[in-house]
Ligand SMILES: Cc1ncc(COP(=O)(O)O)c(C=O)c1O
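The chain that follows stands alone, in the form predicted alone, written as C-alpha cells.
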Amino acid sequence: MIKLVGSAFYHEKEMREKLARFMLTTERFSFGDECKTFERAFAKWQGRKYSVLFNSGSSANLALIQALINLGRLKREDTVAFSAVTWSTNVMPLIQLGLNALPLDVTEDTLNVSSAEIQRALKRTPVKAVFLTNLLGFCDDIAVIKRVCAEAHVMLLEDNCESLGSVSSGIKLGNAGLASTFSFFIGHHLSTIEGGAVCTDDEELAVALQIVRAHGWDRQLDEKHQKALRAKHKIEPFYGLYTFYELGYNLRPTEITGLLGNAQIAYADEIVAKREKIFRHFAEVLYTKNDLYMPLRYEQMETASAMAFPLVCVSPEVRARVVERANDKVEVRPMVAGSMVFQPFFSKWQKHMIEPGMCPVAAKVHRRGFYLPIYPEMTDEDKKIIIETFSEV
C-alpha cells in the first residue's frame, strides 16, 4: 500500500545518521544553539525578519494568539474569523483564550477562503482578526485578502502549516499578514519529528512569542530585550531568571528539533519543487479527465507546494465507492479535518457562533472530500498506481 507519508525525513538514512551522532555526542538537549541557528535560517528562507521555534505547529498557533492577547492587540470576547476547513488546533486556541471563533466558508474551486467571504463577514460582524488557513499548499485571492484586511484594519494571521513554499500573486504564503505559523511534523514539507514556528516582521511580537514559549520569563531573550524588561519592572538581579512577566507555557523545542531543522532546510527548495511537480502531474489527469470529482482551480498558484492531493467527489456516494476502491492500494484520509462546524468540540464551546446551514461549501467538502499522498520520494510506479486507482473506470 502507498502510505500518506513516505518517510520520516527527506534523505532519511542521512538524517537518522546525523541524529544518532548528535545523540551520542551532544552535551545539551534542551533549547540552545541548534534551535537558534534554525530560527535564523528559517526566517531567511521564508523571507521574514523573525522566526520563533516551538515544539509543534499547534503550539505555534496557541502561542501566537496568547502573545497577541498579552500585547493587548486581542481582548477577550473579540471575534476572530477562521477558515472552516482546517485543523482543530487552528481554532482551539481562539476558544481556549476566550475569543469568539467565526467560521468562514471556503470556495468550491480552491478549497480556501476568498476575499469575498471575508468581506461578507466584515459587513455582518465586528471582526478583529482573520486566522486564514492556506489549505494543503493552496490559497484563493491572497493579494486581495491582504488588501481587504489592511483597509478594514483587521489583523491577518496565516496558518501556513500545510503550504510551505507556495507562492501566489508574488506573495510567498505565510508572508501576507502580521504573522504566520508553520508545522514541521512528520509528513509535512520539513520534518523535525515534532516542531513548529511563527514567522513575523514585528519585533515586539517576536519578543512576546519568546516570552510565551518559555513560561512567561525572559531567559531566551537577547540581552537588549532582557535588560529592558528587567529595568521596566525593576527586577533585582537575584530574581532575574525567576521572574514571570506574561502568561505563558512551556512550548520549547529541544535541540533535536533544531538539529533536524538545520539539516532539512538545506533541501527545502528541492522538496517544494518535487511536491509541485507531482501535484501538477496528478492534476493534469484527475482534475481534467474525470467526471468523478469537482474541478479545482490552481492557476492562481505560481508555486503550488502541495502537502497532499485534494479531491472532492461529485457526491458522497461516489466518495464511498472511490475510497473503497483504494483499500489496500493507497492510503487516503478526510480533507484535513473537514468542516470545524461539524466537530463536537466546536458545537459544545461555540454554539452561539453557529447558524443553520452556515458554511455550505465546507459541509460539501466534509462529506465528499478526501486527499491522496504526495511526498518527494514518490516513485513513478507509485504515481501510476495512484492515477489508475482514482481515475474514472
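Since the structure is predicted, the reported quantities are computational estimates derived from the model, not experimental observations. Note that residue numbering follows the sequence shown and begins at 1.
Keep in mind that the form predicted together with the named molecule is not shown, yet the notes after this line are about it.
* **Heavy atom of each of Gln46, Gly165 and Val198 within 4.5 Å of the named molecule in the predicted complex** => Result no, not one residue of the spot touches the named molecule.
* Candidate stretches 57 to 65, 35 to 43, 321 to 329, 342 to 350, one within 4.5 Å of the named molecule in the predicted complex by heavy atom -> Heavy atoms within 4.5 Å of the named molecule in the predicted complex occur in 57 to 65.
* To do: State the residue from Phe282, Tyr245, Tyr267, Phe185 whose non-hydrogen atoms include one within 4.5 Å of the named molecule in the predicted complex.
  => Here the answer is residue option Phe185.
* Asked: Only one of Trp217, Tyr298, Tyr287, Trp87 has a non-hydrogen atom within 4.5 angstroms of the named molecule in the predicted complex; which is it?
  -> The option sitting close enough to the partner is Trp87.
* Asked: Is Ile142 close enough to touch the named molecule in the predicted complex, meaning at least one heavy atom pair within 4.5 Å?
  -> Residue-level check for Ile142: no, no contact with the named molecule.
* To do: Please check if Cys161 has a heavy atom lying within 4.5 Å of any heavy atom of the named molecule in the predicted complex.
  => Heavy-atom contact with the named molecule at 4.5 Å: present for Cys161.
* Asked: Within a 4.5 Å heavy atom cut-off, is Thr133 in contact with the named molecule in the predicted complex?
  -> Residue-level check for Thr133: yes, a contact with the named molecule.
* **Stretch 361 to 382: residues contacting the named molecule in the predicted complex, 4.5 Å heavy atom cut-off** => Going through 361 to 382 in order - heavy atoms within 4.5 Å of the named molecule in the predicted complex - there are no hits.
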